[in-house]
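Presented below, as structure tokens, is a lone chain in the form predicted on its own.
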């Protein structure tokens, strides 16, 4: 088949057009072509139900309830915050009561009671001397400070000249001596708290304070020597159990010798001041 005025087609294109025309003519001549039936529809799938609630109820049966008995309730005992017997705290850090809002007189009275208790436990005979941990568990520094200042004042009153220098020398010797003796015990491997040792050495000055006060009232040298000898022995006896148990038995002499030397020096100072 050809068309006037049209450009000739390629041989393959012309054959394709002829084939299409033949198909059209056959369909007109023999009736419409048979159309194959469409694929039967597939079976409907199960749909997932959508609920508006965020929680889907479980289809499992609930477990049977057990007949367990409830656990017993134990009451926690309450501890009182009051002071422990004999004014000694069980933790070694003083009474646990709040002291920020108490009256001043209550604070002074509590401190004086603690000083009197520690003085009785250290200087005077008592059953707790065999256990130094119980004897000076509630240590303080007010008592040692008072005894050092009092001894310095008594020596300055006993001096006829340069009273202020006597007080300064006595105070420096006592304070520095207590610190040096404490460091000596710690360097020897002693099991004692630094401030606890200072407190102990300060309380042991109480007999020497009494001796200095007695020597202030009299001027006889022999009486002074006897008083100093008694008070020195008393102070050494008070310090012995605490310092000896703080170190091992092999180093006991190294810990006690400086203590006795300091108390002898204080006794000589009491006798020499006139």
Partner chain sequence: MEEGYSSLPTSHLLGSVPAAVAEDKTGGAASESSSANLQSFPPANGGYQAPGSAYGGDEQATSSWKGVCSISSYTPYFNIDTDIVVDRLITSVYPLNDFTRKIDGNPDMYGPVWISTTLVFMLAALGNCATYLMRKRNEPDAVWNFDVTFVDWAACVIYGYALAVPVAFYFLLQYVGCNASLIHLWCMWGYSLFIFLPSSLLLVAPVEIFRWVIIILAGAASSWFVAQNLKAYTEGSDLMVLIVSALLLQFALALFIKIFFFM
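As the structure is a prediction and not an experimental result, all values here were calculated from the model. Numbering follows the first chain given and starts at 1.
One more form of this protein should be noted, the form predicted together with its partner chain, which is absent from this view; the next part is about it.
Contact with its partner chain in the predicted bound form holds for all three of 161, 250 and 258, each having a heavy atom within 4.5 Å. Across the options 197 to 205, 176 to 184, 142 to 150, 106 to 114, residues that bring heavy atoms within 4.5 Å of its partner chain in the predicted bound form belong to 176 to 184. Contact check for residue 191: a non-hydrogen atom falls within 4.5 Å of its partner chain in the predicted bound form. Its partner chain is not shown here, and in the predicted bound form it never comes within 4.5 Å of any heavy atom of residue 119. Shown alone here, residue 102 lies farther than 4.5 Å from its partner chain in the predicted bound form, counting heavy atoms only. Within this chain, residue 265 lines the site of its partner chain in the predicted bound form, having a heavy atom no more than 4.5 Å away.
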